[in-house]
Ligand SMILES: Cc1cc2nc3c(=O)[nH]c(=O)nc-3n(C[C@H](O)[C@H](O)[C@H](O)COP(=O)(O)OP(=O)(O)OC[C@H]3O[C@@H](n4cnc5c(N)ncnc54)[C@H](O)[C@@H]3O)c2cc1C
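The chain below stands alone, shown as structure tokens; this is the form predicted on its own.
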């Protein structure tokens, strides 16, 4: 009888584990089911370029149904696990809850924004963890330029042209750098606005940005950002954001229409509700083979798990580590099914790249540090070849090649947030 493998989550862990199984399993060995609320996987390293408009949003995602041929896909959300009965509860888009039995369960539930108890943050802030947020931010920034160019109110103008990002890690630095680069590039279409009127602020609680990369690389990135007039506040925290009035721990206060919260992530809340062991940060406790502690048939990897790492204690939450964890996890599942011993996860980073806008980046690959256009081109080449399927690789390369000779597009499609607006207006509502 073939084994039933259930994979909860369609991110890096879910997709790459399923792909590994798809390649290695023999016919009839196992039935694989992937459960995810959306029928696509977001290739997150490309989100900053989605936000700046240099990449079509649909090209930064991988359609799960098209890629995982022979794998059952269920559009729904995991809501619970009965480890004793080996049954997972899933809530689909509509209709009653499903009970899915499994012989092996993989938890790749990812992470969510880690919010702090900052007054006003929940009302004013926006994250940068999803495709929708990246697309929204691009339209939002362009809308602020439209507001500033059309108003005679100096306070409204100053508020519209102030953009604050809280969190100086990968996500915060790349999102801010790409959006600031886009905003400066499109100013030729806004003769009413001077570049010096825009205020871009990066707030970081630590004494340096990009703490997961080498100090020299982080310093290069900071020099690039500072040279573009970006206000970097190190050792500083956001204390309040009520009514759009931002108060920082260094005593400064100013109003801003744009507050992007990118100060870290935490495992999905469901992880702590499954009755499985978690560490002090809410991550599932797993052994080196990624089997959840105290279980025989539950595995976990990615941002929701504390995967042991020989060099750093616990694997960092990066895309390249998640992909390699998933591939090892797929191999371990095949070994377990065939009665063999599962192997431990081991991986050494091949390098790091940080995009800072068009033709701008810093990076380190195989011990060599790069910056400027060379780092930017190397980063693009790497990610274009890493995104699953040649279909997506060609689409991404096409976007980049077509866009290279031209500037950023100034089209604001924010009206898509209210798609029934025109219809309701016609109906007299």
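Numbering follows the first chain given and starts at 1. Here the structure is a predicted model, which means the values were calculated and not measured.
The same protein also has a form predicted in complex with this ligand, omitted here; what follows describes it.
Asks: Pick from 105, 322, 263, 256: which has a non-hydrogen atom within 4.5 Å of this ligand in the model of the complex?
Replies: Contact residue from the list: 322.
Asks: Select from the listed residues 166, 109, 286, 329 the one whose heavy atoms reach within 4.5 Å of this ligand in the model of the complex.
Replies: Answer to the contact question: 109.
Asks: The chain here is shown without this ligand. Which stretch in 181 to 189, 298 to 306, 204 to 212, 276 to 284 comes within 4.5 angstroms of it in the model of the complex, by heavy atom distance?
Replies: Flagged stretch: 298 to 306.
Asks: Report whether all of 5, 28 and 87 sit within 4.5 Å of this ligand in the model of the complex, measuring from non-hydrogen atoms.
Replies: Zero of three within 4.5 Å in the model of the complex.
Asks: I'd like to know if residue 45 sits close to this ligand in the model of the complex, meaning any non-hydrogen atom pair within 4.5 angstroms.
Replies: Taking the distances in the model of the complex, the answer for residue 45 is yes, it comes within 4.5 Å of this ligand.
Asks: Even though the partner isn't displayed, in the model of the complex is residue 76 close enough to this ligand, meaning a heavy atom within 4.5 Å?
Replies: Residue-level check for residue 76: yes, a contact with this ligand.
Asks: Going by a heavy atom distance of 4.5 Å, is residue 62 a contact of this ligand in the model of the complex?
Replies: Output for residue 62 is no: heavy atoms all beyond 4.5 Å of this ligand.
Asks: Give a yes or no for residue 247: in the model of the complex, does one of its heavy atoms lie within 4.5 Å of a heavy atom belonging to this ligand?
Replies: Flag for residue 247 set to no.
Asks: What residues in 365 to 398 sit within 4.5 Å of this ligand in the model of the complex, counting heavy atoms only?
Replies: Result: 383 alone.
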